[in-house]
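What follows is a single chain, given as structure tokens, in the form predicted alone.
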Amino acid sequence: MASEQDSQTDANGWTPELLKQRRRRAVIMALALAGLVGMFFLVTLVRLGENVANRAL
């Protein structure tokens, strides 16, 4: 029975289901981080655009 468990885990003891959950969390975190970076970029562009428009007047 011990060899049956060993065949389903990798060297670090991660089961395929745990690895799948870990990958899913990593993808969600990467998307959240990319969204946050994109939001900061857009806010910066909008604020810089307002300053350039005010300076031209």
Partner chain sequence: MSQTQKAELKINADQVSLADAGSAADFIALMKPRVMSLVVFTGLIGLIMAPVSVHPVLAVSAVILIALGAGASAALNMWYDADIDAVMARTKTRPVPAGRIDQEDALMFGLWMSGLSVLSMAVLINYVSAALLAFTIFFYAVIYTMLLKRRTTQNIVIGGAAGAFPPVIGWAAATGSVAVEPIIFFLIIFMWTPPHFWALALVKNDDYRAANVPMLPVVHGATATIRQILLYTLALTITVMLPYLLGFSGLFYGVGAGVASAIFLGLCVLLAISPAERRNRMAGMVFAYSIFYLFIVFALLPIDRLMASGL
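Numbering follows the first chain given and starts at 1. On a predicted model such as this, the values are computed, not experimentally measured, just so you know.
Here the subject shifts to the form predicted together with the partner chain, a form of this protein not shown in this document.
Is residue 28 close enough to the partner chain in the predicted bound form to count, meaning some heavy atom within 4.5 Å? Output for residue 28 is yes: heavy atoms within 4.5 Å of the partner chain.
Find out whether any non-hydrogen atom of residue 39 is located within 4.5 angstroms of the partner chain in the predicted bound form, and reply yes or no. Yes - in the predicted bound form, heavy atoms of residue 39 and the partner chain come within 4.5 Å of each other.
Any of the heavy atoms of residue 43 lying within 4.5 Å of the partner chain in the predicted bound form? Yes, residue 43 sits close enough to the partner chain in the predicted bound form that at least one of its heavy atoms falls within 4.5 Å.
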